[in-house]
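Below sits a lone chain in structure tokens, taken as the form predicted on its own.
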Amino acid sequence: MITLVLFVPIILGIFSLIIKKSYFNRISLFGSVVLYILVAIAVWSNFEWYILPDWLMVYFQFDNIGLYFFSVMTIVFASVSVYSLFYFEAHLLTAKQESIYIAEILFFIVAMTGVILSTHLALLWVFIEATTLTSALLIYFEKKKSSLEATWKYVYICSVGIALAFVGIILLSIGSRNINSLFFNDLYKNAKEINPFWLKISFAFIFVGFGTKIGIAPIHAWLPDAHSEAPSPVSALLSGALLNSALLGLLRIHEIFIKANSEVFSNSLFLLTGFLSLVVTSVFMLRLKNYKRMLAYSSIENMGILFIGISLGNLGFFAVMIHLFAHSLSKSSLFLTSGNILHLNKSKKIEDVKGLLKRDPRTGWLWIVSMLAIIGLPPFPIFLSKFLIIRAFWLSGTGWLIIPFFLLLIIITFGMSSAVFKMSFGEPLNGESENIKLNLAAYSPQIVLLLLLLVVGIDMPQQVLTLINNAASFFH
């Protein structure tokens, strides 16, 4: 199974570039989607099919937390693929342009898959660097001056961050020279033998390096530009999948501290940067004039919430897994819907968009409901994850932090909801009051994502609960 998800999309992407036919482009894209869905189901069912040689299989494995992140990524990948059909039509892409887009998407997905399945720290680092290179091409896909600037900013900042992470890996290898291995299982089993000084120094470098890729404040400068300039389906992938894969890499390092009984140090970094991200988002959310940048800052906020949850122990880990799922799906829905808005209004400025509910009621309601999902209105799952994080504050003896946590969330919610309602209600600008209906691919992915969120929020299926529990148990 691992062989299929690592190699088949690459092969299909290469053939798409060679053949350059629309029918084959779609076969490559949706064939990869179906493959990922089938592999996820097979692993859920404890069915595995090994093709890779034993020496290579050691480097790629599904564990409980990896399966969870892989499943979330697969859902986002499927929704982005369906929406891409509308993107092709709206932007009048040629078969050659489609083949480039699809090949880049598939290479990017494989890079993130490598991050999720890697069992070796150095290999994980290589795949995180690969995600930078493959996603940079997607950010620049529309070849505008602003997207070129955002791409270079993204590549430069993330490359510096990844270089710092590489230094951290070297320092960790110095501190763990008695172990003589960078396989995660070996590091976990012998965590207490790692020199505490080198462990802490290495984590500082890795935290900054991977934190840059996650987009956590204050090392988030690339994220608003990249997410706002990329095509909307690519923005959904960046926010709903890329940030998660980088976060998983950092979580695997954090587990070393847990096994070494030294998590106080790493938890303090997670808590500090988590709150800093909420502060930065609250400041900018009230001043933003670009709705795609607004969604990008919302990603920074939610990464901050995840960092806070990570620092709060077992209940926090459970809340993090729920929040990660809910954020990925709701933010993907928002970014895909923003593509509809951009198509209708030809502008990313909030002030240029009015009366969405009259111009295109389907897009307007998707925009509003997706916003309600991301801010955590019941019964959407983010309400549950935030409630559990607040409870984890009490259990960890830091109940006083609930006050600033609440205040920052209120400010962010006010800023985002004000912009969304301002865009949705009222009369359309320039007398554009005709009721427009886009094709089905422009709405169906968001509808499915929101329905999945409602199902999980109202009555979480036992299979989903088991998957979340298994992922959260990784930290025990």
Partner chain sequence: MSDILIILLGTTILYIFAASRIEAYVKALALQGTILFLLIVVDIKDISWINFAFLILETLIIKGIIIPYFLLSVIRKNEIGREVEPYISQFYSVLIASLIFMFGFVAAFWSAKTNAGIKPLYFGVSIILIIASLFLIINRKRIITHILCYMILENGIFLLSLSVANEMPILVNVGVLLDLFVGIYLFVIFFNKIQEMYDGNHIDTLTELKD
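Because the structure is predicted, anything quoted here is derived from the model rather than measured. Positions refer to the first chain, counted from 1.
Another form, the form predicted in complex with the partner chain, is not on view; read the next lines as being about it.
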Subject >> Candidate stretches 115-123, 265-273, 240-248, 320-328 - the one whose heavy atoms come within 4.5 Å of the partner chain in the predicted complex >> reply: 115-123
Original post:
Do heavy atoms from each of Leu342, Ile382 and Phe387 fall within 4.5 Å of the partner chain in the predicted complex?
Top reply: no
Original post:
Is Asp186 close enough to touch the partner chain in the predicted complex, meaning at least one heavy atom pair within 4.5 Å?
Top reply: no
Subject >> Exercise: Glu255 in contact with the partner chain in the predicted complex, heavy atom 4.5 Å >> reply: no
**OP:** Look up in the predicted complex whether Tyr291 has a non-hydrogen atom within 4.5 angstroms of the partner chain, and give yes or no.
**Re:** no
**OP:** Considering only heavy atoms, tell me if Phe335 and the partner chain come within 4.5 Å of each other in the predicted complex.
**Re:** no
**OP:** Could you spot which one of Lys349, Lys192, His91, Arg177 gets a heavy atom to within 4.5 Å of the partner chain in the predicted complex?
**Re:** Arg177
Subject >> Contact assignment for the partner chain in the predicted complex, among Lys354, Lys153, Lys259, Arg391, heavy atom within 4.5 Å >> reply: Lys153
Original post:
Looking at the partner chain in the predicted complex, which residues in 120-156 have at least one heavy atom within 4.5 Å of it?
Top reply: His120, Ala122, Leu123, Trp125, Val126, Glu129, Ala130, Leu133, Ala136, Leu137, Tyr140, Lys143, Lys144, Lys145, Ser146, Leu148, Glu149, Ala150, Thr151, Trp152, Lys153, Val155, Tyr156
